[in-house]
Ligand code: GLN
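Shown next as structure tokens: one chain only, the form predicted on its own.
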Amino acid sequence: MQLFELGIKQSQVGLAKGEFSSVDLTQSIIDRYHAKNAEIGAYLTFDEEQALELAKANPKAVPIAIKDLINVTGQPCTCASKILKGYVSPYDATVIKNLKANGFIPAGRVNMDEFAMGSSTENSGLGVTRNPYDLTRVPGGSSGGSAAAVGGDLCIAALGTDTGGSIRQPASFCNCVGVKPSYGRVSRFGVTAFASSLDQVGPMTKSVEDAAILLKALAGHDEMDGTTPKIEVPDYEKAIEGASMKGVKLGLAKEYLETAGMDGEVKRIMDAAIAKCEAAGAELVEVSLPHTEYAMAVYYIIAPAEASANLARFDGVRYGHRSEAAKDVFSLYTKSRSEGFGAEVKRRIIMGTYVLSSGYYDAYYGKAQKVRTLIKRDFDEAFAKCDALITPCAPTPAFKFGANQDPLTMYLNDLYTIPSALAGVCASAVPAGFTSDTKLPVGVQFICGGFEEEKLLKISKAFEDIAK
């Protein structure tokens, strides 16, 4: 096995035994980057010199790929957008500080949908990322670069972010494990905001064990982020020891399992996954999430509204793209933003500004927040009957480039991941199998209650063991 094929746990064991050094491990990733990135396009930039310097200073550290909206000192943070061209971060995000303090180093910045708005990484303003399992297909999004890097062995593990499914859907497309932590479990300080009440940083890894190790390093209270509570972070790695499906109550929601748009192969793999869980001792419980049908509409009111406010700061004044055609302050704003932002970002800014505007705020944004509360209540009631929900991650396997050009069709990719994001609970994507015809990976999703990552990872590990 090549060093670049290792996961976090394997790397940590090898480093501890002195079988190789952090420099060896990092150099292996750099060599793999030179050999495969032109083909897959997972990385936007890779500061090899900085990565090797950090590896020399931390001989037992594991290199981790970073989604290009997380600030790392001395590295660009473009959010895959032309509007942030030339910006170099002067500070580390809290998650980067936590990584460095726990034996990891940031190594390479991976592609994404611009400002995390998309489900295929086709919205990146800076490059194309391809699915390592089929180069004619997308890697998913918005964390498509992270997923492609993990699935294509271009990194040991990666950080992604999830606002409406941006860790879980690409993890399903690229055959890796992805975890969306509960809202507030991981600090957002230094992570470029898309929708502040939804965004969460999470691990994208080669195994559930690796996800447990990385999440432990990321999680915790941060004085710089008031949404992170002062509660203890469990030892997730220890929690998954002896993981088993015996006695686990798995909720089956008809709103997720009886949808018209589900691909036949996804349904086959999903049915097989449920059967494996039951055979391994899980108890299947029927539950209902009646407000699920409103989740998509609620999300596409709340998320663009928050994006409209958050992206107002990118105006060409202090940093990033500044239009050369500007003649006054007003044209500086309008031309810099129109030239710098891509089509999908503009679309969401316009949608968000509209629903926040005078006369429409109560009718759209206010009402959406009320329905969001009902969606959260659905999950609370479901978790009173079961330990976790098992659902698909996405309605289809990875699709071909250009296949979902209609925005509404593209938005449906997050059909199964948006409700749990709105509820602020934790969820995972775990590889479940491959389509029989195209041999594309498909993952299943597990959802647990807020701050129940311990339970989520244990159930995910139990499924990983029986799915192999």
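For every residue, the number given is its place in the sequence shown, counted from 1. Computed from a predicted model, the values in this text were never measured in an experiment.
The form predicted in complex with this ligand is left out here; the points below concern that form.
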query: Residue (of Gly118, Pro181, Pro392, Pro397) lying close to this ligand in the predicted bound form, criterion heavy atoms within 4.5 Å; finding: Gly118
query: Contact check for Tyr33, Arg109 and Asp153 against this ligand in the predicted bound form, heavy atom at 4.5 Å; finding: no
query: Region of this chain that lies against this ligand in the predicted bound form, out of 182-190, 237-245, 279-287, 165-173 [heavy atom, 4.5 Å]; finding: 165-173
query: Ser142 within 4.5 Å of this ligand in the predicted bound form, heavy atoms; finding: yes
query: Any non-hydrogen atom of Asp68 within 4.5 angstroms of this ligand in the predicted bound form; finding: no
query: Proximity of Tyr133 to this ligand in the predicted bound form, heavy atoms at 4.5 Å; finding: no
query: Phe314, heavy atom within 4.5 angstroms of this ligand in the predicted bound form; finding: no
query: In the predicted bound form, residues of 294-317 near this ligand [heavy atom within 4.5 Å]; finding: Tyr299, Tyr300
